[in-house]
Structure formats: C-alpha cells, structure tokens
Ligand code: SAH
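Take a look at this one chain, the form predicted on its own, written out in structure tokens.
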Amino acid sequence: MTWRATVLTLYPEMFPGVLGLSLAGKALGEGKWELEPIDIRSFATDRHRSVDDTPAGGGAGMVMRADMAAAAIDAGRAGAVHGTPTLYMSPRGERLTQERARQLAEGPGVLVLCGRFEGVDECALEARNVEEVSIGDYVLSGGELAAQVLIDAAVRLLPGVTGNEVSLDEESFASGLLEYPHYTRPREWESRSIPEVLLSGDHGKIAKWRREQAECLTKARRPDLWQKHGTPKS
C-alpha cells in the first residue's frame, strides 16, 4: 500500500509546490508516496462557485460553508484507505511534533483540509470528526503551506525516502533532545575550527561529545523538552 496525501484546497495549483522538489519530490516521482489535491470549489453549486459566506453574529472576513467543506471531505474519504486521519490545519489545533509525524508516516496517509478566509464552519469539523493540527503559534493566509509542512515531515520518514535512514535517529526530537552541532571541511574557517574530538577517530569519545552537546543545547534552548526528557542515564 502506497502512502497517500489527499489535500482539500481552494488552490490546488499550489501542489505539489515544495513537495515536488528534493527528497519528497524524488520519492513522489518514484511512486513511494502519492499526492492528490482536490479543489473545494468543484463542489460549489452556483455559477460563481461560492464556498464561503459571512460569519454568523457579524464580524470581518468570510467563513467556509459547512456543506462545501463536508462535501470535499466526503469526496476525499471516498478515495482514501480506511483509517486515514482527516486533519484541518489550524492555529488552535494540537501542535505538530516529530512523534505525531512518525505516527502519520506509519499509517496509510493523510486527508488534509486547508482553510482560508476566517476559517471553516464548526459544524463541518464536528460532523466529520476532523482533527485540528497546528504547526506553530502564528497565523498564515491559508492552510496550504502548513499542509506542505505536515506532509513533508511525514514523507521524509517513509521507508526509502531518506538516503541514510540511520541519520533520522539522530535528528532533533528523535531522542527527545535537540540535535548536536555538525561540522565539515574546511577544517578551519574564519578563525573557527572543527572540535578536535571529531577528528580523533575515537567513536566512543565522539558519541559522548555529541550527546553532551545535544543535552547542553536542549537545556539552554528548549527547557520544556529537557524537562520532559528527564535526567539522562549515563
């Protein structure tokens, strides 16, 4: 079974976008995963292809109608494998984490609803049991960029997508810590040098140094992660 991303959007031309490049794009071309953008406006019933209306209770902007969002979700689900989660990219959703990306990569794929305007009618989200997901505490013009972030985070974890899959185990968040610093040639650059331990050839010392660096960075930059990680075992 091929991992599949179905995206419900008002701008299908935004896909594959960055997903068509680099590792994700190569894997897409090789058939290691599939992408299907669905135009929400294709479910409109009037000649203006309207999918939004004014907010109940007044206020600025427009809201995507429940019937339009639900019709798009139903169409996406009809072509998806049973068990595919339906996600709505929203700043009020649960924060996307590396662990959640891994869970998504281990499943059959994702069905992602991209909002625009002031958002999507709550009735549709409740009626279709949609899970809200956020990529951060900020607001974008629409959910398309957020959807591409989520899809890329999952796709790169699929078997055969990343050239050196061992490196995935050492990335930030994989072990609950931020990743250690990396260096390469030239050995010296603008009065800065590669740490001698990395040139020692002693793999035990190198592993210890990397672990210590990851711990120090996590403590300094993400005390919340460090608190979750707890006191590391020696």
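What you are looking at is a predicted structure, and each value in this text was computed from that prediction instead of being measured. We number the residues from 1 along the sequence you see.
The next section is about a form of this same protein that is not shown, the form predicted in complex with the ligand.
### Task
State yes or no: in the predicted complex, is some non-hydrogen atom of S134 no more than 4.5 angstroms from a non-hydrogen atom of the ligand?
Output for S134 is yes: heavy atoms within 4.5 Å of the ligand.
### Message
S90 versus the ligand, in the predicted complex: is there a non-hydrogen atom within 4.5 Å?
### Response
Contact with the ligand, yes.
### Query
Is there a heavy atom of G115 lying 4.5 Å or less from a heavy atom of the ligand in the predicted complex?
Result yes; G115 sits at the interface with the ligand in the predicted complex.
### Message
Please determine whether S141 contacts the ligand in the predicted complex, using a 4.5 Å cut-off between heavy atoms.
### Response
Yes, S141 is a contact residue.
### Query
Which residue, V110, A124, A146, A101, has a heavy atom that falls within 4.5 Å of the ligand in the predicted complex?
Contact residue from the list: A146.
### Query
Any idea which of 115-123, 102-110, 153-161, 75-83 reaches within 4.5 Å of the ligand in the predicted complex, heavy atoms considered?
Only one stretch passes the 4.5 Å heavy-atom test: 115-123.
### Task
Enumerate the residues of 1-35 that have a non-hydrogen atom within 4.5 Å of the ligand in the predicted complex, in sequence order, or give none.
Contacting residues: none.
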